[in-house]
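Given next are two forms of a protein chain, the same chain in both, each as structure tokens and marked structure 1 or structure 2.
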Structure 1
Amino acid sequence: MNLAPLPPPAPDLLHSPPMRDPKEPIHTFADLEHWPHAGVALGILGHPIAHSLSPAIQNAALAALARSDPRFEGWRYFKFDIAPAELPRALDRLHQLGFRGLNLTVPHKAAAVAHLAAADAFVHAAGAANTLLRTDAGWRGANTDGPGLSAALRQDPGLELAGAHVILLGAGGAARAAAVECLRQHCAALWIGNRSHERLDALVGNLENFAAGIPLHSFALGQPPSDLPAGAILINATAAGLDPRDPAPVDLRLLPRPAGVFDMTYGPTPTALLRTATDLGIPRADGVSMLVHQGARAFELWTGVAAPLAVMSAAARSALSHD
């Protein structure tokens, strides 16, 4: 499962184009009955979806690309609130409409796998897909979350998964990708905590063959074990934090001091987990950089062109500041 590094941004795409309104309209399954966009369409499916910065990021990148390549002038990225029960019909309809590609977020990453015509090795290992590419036979699934996580950790807070003890919170689609990436990068050991024992046990069982001797441990989020390692990288892959009023998934004060805290969620204000990390003086980062890096890989899959990382990062921060 060799994932190629991102090529450098093209020189003429390094400066951000004028930003579109980050408050992208939210579409629903009903809107697909009479879809109005005549150009090439991309989109993100989630439930909820209002918080997503992906449309602002991807549309800024597409606008930058169109300045130097008129083939991309009609490309546009849309936001869809799709309930879990609507997902199979929505995927079928979007394929019929000729959408070129899709992103998937909570709660669709794992559920979509059963509806794919093909998938890459990372999807098979993680049991989750976050990026889809249209083919004549159906949707081909990919997972850019894992490589996006590694790139984001290197960028901020400057940590490497290789050789590190990792404490991962969650067992959903995002956690599955994070777990596979930790093992792919040869972490020293992986501890996974979740509230649902059933989902946690299923994830650990799926990872055992992939772990290749790397120790795997599981625990209940409400009862963290006393032997968690100090100096670990702590990664929150739960949905706690999507709402700024959410409590932290764990109390950092009750855990051995980690080397850094990475919260996959993001928003205009820090999550409770990141606020505690700040109070304790622990290096921490939210999920915006991961969103940009995984989005860049999806962008390249859809367009075949190097992603304008600087443009995408500026768009993400601009959208957050206007949230």
Structure 2
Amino acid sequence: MNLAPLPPPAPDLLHSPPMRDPKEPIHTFADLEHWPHAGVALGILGHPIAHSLSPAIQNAALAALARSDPRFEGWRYFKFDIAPAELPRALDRLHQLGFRGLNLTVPHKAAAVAHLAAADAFVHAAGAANTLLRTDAGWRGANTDGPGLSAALRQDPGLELAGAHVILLGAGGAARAAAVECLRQHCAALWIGNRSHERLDALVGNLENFAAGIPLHSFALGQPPSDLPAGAILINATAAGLDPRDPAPVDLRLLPRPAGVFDMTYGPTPTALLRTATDLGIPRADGVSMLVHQGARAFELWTGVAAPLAVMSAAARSALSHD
């Protein structure tokens, strides 16, 4: 896979007190007819979108930046509920209005790819974009979920994908980005487990074009194979855990002990998977740091300056605690 290496995470240049979740208003496609904001605008499109923490994280970072650099006064990040059928028209209208950048979340990451003027290699490999940057010709797509995952793993629980055995749970959009990142970072081998075999087979089939000799294995989530390796990084990219009452997607007690468990899900309460990891004394982390790191990379693409990671992280934790 011919993907350019990414720069290391930006240092924290700005240390400001965290902003509380401003409970952003939710805009719709109709609001774009007479858009009132005169400054530079960014935004996130999703459906539903109410739960998104990205506006709290990005607006805290923009406010911190504006305090030290007047060029960023008037920059603001907005939240849009856009139904799938509205996506092409919304992308056109936001470009016409001069929006500088966008994030995409469920269910738009894959659907948007057909409407991009250009896209980076990661988007082509994962078939999904989560960050768009305005160009005169149209939107340029990037995917910061994968790099956000490896930066988060490095931060906590302090694990590197390079050279690691990885057990990835899930075959949806988040798992696709995670799988491409594992291959891009040259993991030693990748096991992917999913509940339904259709999505699993499609993902593994697509990854074979990029694996470049890295062993790829797939399994049914309910029947983990007996030869899973000990000491692996276990990543949950399924939606099991969105509700803290959800059972864990796999029973950690039945698997060879992993080196660490990373659950992309995040919320005020730890998931069943993370609770079991804690009971077993296995290093673990939830998905907030990934959310922050993918957001930091998007911020840097839009602003051209280093993201204030500590500000973004504090804003995310604060917004979660006020959920």
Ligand code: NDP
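This one's a predicted model, so the numbers in the text were calculated from it and none came from an experiment. Here, residue number means position along structure 1's sequence, counting from 1.
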item	value
Correct structure when looking for the form predicted together with the ligand	2
Hinge candidate matching the rigid-part switch between the two structures, set 125, 103, 292, 60	292
Rotation (degrees) of the smaller of two rigid parts between the two structures, from C-alpha fits	14
